[in-house]
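Have a look below at one chain only, the form predicted on its own, in structure tokens format.
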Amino acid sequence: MTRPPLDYLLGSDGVRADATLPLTWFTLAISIIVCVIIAWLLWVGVRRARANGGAAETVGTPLEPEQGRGLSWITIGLAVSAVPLLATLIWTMAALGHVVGPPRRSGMTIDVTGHQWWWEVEYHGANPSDTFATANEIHIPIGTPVVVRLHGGDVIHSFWVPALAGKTDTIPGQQNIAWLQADRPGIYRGQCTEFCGVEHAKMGFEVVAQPANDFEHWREAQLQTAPPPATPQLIHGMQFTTFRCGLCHSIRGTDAASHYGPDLTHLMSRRTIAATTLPNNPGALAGWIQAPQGMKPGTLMPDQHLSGAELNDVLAYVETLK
């Protein structure tokens, strides 16, 4: 189940977020209080200035002794400000100690690459045949520390799952390390937080935390190749998909083997398409296949301009990729 929006603000579901969420609320509260106090003091100062002549006062006139006592407000303000600043510094260093490094014992390691504008996720096993890739949807078992090796595919992106962990950049030519741990099942929204181009705002992803048995069933299903087409329409749909979509996408078990775009082998097992921009249902899928530029302008996938019959055949075949 997805979490309600308010739950994202008031709660956290991972050890990394547990360490940073209270600090975030503390610094926000201190900032609001400071702004309110400054605004009040300015309001009081403006009222007093108006009562004493306002703009008629001479600018640059030396302070008289009784006026100089206002400097005590500055001294007191600096002293009072030092207390929350020191507390914030100490708290920040303590929080960094909890979240900055990967866990000593991780249960799983995955590779995530940021592309314009989608996320490639690669899972590894004991054997090369146990490796598979998916897109924009990260599955993890609950209660397990997961090391995430981050790569930049083109420009700098930033990997962030607010309810589970802080932000880590993906930089071309450099591998950065993040880690996730979800303490309860759920679907957690992630987002790129480094401006990376025209569709930066629509470069989302989801982290699906599930019990260990459910995760293993999902992994086993992802290792399977695409099912062979069983009808003439599906055969034609597969041929057309391989010819058109295979230039950028891969479908394991077919001749489509490009890795430029997301792997489509189990496309229909995902909740969303286009990096969480659209729900994964027949209507949105048909619109995305036919005219992605109308739904996500600037995306690197071109409009296909298929005939009605071609679109129906492709859609029928793609819907078998579960």
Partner chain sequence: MRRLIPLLLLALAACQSNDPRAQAKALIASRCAACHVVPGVRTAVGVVGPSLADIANRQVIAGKFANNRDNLIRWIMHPQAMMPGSAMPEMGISQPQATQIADYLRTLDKP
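Residue numbers count along the first chain shown, from 1. What you are looking at is a predicted structure, and each value in this text was computed from that prediction instead of being measured.
Not pictured, yet referred to below: the form predicted together with the partner chain.
Check your understanding: With a 4.5 Å heavy atom cut-off, would you call Q290 a contact of the partner chain in the predicted bound form?
Key -> Answer yes; at least one heavy atom of Q290 falls within 4.5 Å of the partner chain in the predicted bound form.
Check your understanding: Would M268 count as a contact of the partner chain in the predicted bound form, using a 4.5 angstroms cut-off between non-hydrogen atoms?
Key -> Result no; M268 lies far from the partner chain in the predicted bound form.
**Study point:** Partner proximity in the predicted bound form: P302 to the partner chain, non-hydrogen atom cutoff 4.5 Å
**Key:** Contact with the partner chain, no.
Point to revise | Contact flag, S258 vs the partner chain in the predicted bound form, heavy atom cut 4.5 Å | key: Flag for S258 set to no.
**Study point:** Residues of stretch 265-299 in contact with the partner chain in the predicted bound form (4.5 Å, non-hydrogen atom)
**Key:** In sequence order, L278, P279, N281, P282, G283, A284, A286, G287, W288, Q290, A291, G294, M295 come within 4.5 Å of the partner.
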